[in-house]
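Okay, so here's just one chain, in structure tokens, the form predicted on its own.
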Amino acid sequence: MAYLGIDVGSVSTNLVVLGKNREIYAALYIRTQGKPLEAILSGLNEIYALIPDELEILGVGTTGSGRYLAGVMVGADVIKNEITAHAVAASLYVPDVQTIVEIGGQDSKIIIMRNAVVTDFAMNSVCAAGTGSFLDQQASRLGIPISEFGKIALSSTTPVRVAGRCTVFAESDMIHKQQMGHKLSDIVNGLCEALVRNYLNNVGKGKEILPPVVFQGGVAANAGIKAAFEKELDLPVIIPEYYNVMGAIGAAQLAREETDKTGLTGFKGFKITGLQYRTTSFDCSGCPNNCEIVEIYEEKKVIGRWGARCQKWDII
């Protein structure tokens, strides 16, 4: 018996099947590529092939920017925001966690927890300089694979300071450092430290960062960023085993908590991957707000509708 968690973001769509004893039966990280509907169906197909035939899904939860879309498609028992999902997941692995650092491809967030309760949080989805895309761009410019970025950074012997407040400034400063003859490893390390400074000066500004500190999201794979955080904070940083799918783990755990109370699940089953889905939208002219209403069809039936400031059109 297990629970399914789905985290649909702008960069990746993650699925996890979580057992009753918190064992991970399957975990999947796939690229959304601007097609969340297709990513959800593809992910369900792939994860179904990874789990035992006799495994029973007792509940399903969704999170991420595409949580409503995923929720109506699969029949979610709980639909929660990313802050809640990431906090729940981190608490499963580090029960006394007080600070959660989450950096993905397009956004980053900090979650402050005290006594297992979220007391504060902040998000940054505007400036790329504090996200994984910043590192991807610089790695491409330097001609090195992003998978080697952290290892190269750790080999630095004389770190250089790279301006990291803005990606444009970082690129020009990086070129200047190259022209001055600095080693590649020192420049890469400087970029890691620049991202961390940007994160702490923006997302983490004014936050009391206390240990244990848990680092999750795709960028947690970068050993150079972990080292930069530990240097800047003067604290150890914990990276969970399933750091890149923590949102999905949190959604699965939330589904468990919900279905434990109700004893029922709305999960439609993996058979939905054989159905036809499509989305449309229209503008509501019922009031001056002119809300854009999004509809999702399963075959020829509308199964979800959202986007209004009021509840006039909502059927989720």
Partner chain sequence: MPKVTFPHMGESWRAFKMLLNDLGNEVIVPEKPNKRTLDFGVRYSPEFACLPLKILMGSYMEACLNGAEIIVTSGGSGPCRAGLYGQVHKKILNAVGQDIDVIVFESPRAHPIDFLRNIKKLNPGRLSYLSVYDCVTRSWEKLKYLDRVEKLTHSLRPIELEKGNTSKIYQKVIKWLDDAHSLEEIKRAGKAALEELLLIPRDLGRNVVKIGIVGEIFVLLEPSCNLDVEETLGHLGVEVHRSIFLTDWTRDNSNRTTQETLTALEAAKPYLPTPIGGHGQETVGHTVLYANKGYDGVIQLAPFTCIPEIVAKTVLNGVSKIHNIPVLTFFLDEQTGKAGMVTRLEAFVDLVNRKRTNDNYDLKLGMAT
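Residue numbers count along the first chain shown, from 1. Here the structure is a predicted model, which is why all the values come from computation and not from measurement. We call the rigid core the largest set of C-alpha positions that still match within 1.5 Å between the two forms.
Omitted from view is the form predicted together with the partner chain, to which the following refers.
- Although the partner is absent here, Gly206 lies within 4.5 Å of the partner chain in the predicted bound form, judged by heavy atoms.
- Among heavy atoms of Phe121, some come within 4.5 Å of the partner chain in the predicted bound form.
- Using a 4.5 angstroms limit between non-hydrogen atoms, Arg309 touches the partner chain in the predicted bound form.
- Taking non-hydrogen atoms only, Met180 never approaches the partner chain to within 4.5 angstroms in the predicted bound form.
- The listed set Asp186, Asp173, Glu193, Glu82 contains one residue whose heavy atoms approach the partner chain in the predicted bound form to within 4.5 Å, identified as Glu82.
- Listed residues Thr279, Gln276, Asn45, Asn290 were compared with the partner chain in the predicted bound form; Asn290 is the one with a heavy atom within 4.5 Å.
- Across the options 111-119, 152-160, 221-229, 240-248, residues that bring heavy atoms within 4.5 Å of the partner chain in the predicted bound form belong to 111-119.
- Along 60-74, these residues reach a heavy atom to within 4.5 Å of the partner chain in the predicted bound form: Arg67, Tyr68.
- Once both forms are overlaid on the rigid core, the distance between the two CA positions of Phe282 between this form and the one not shown is 2 angstroms or more.
- Here Glu292 counts as shifted, since its C-alpha moves by at least 2 Å between this form and the one not shown after the core is aligned.
- Once the rigid core is used as the reference frame, the Cα position of Gly307 differs between this form and the one not shown by 2 Å or more.
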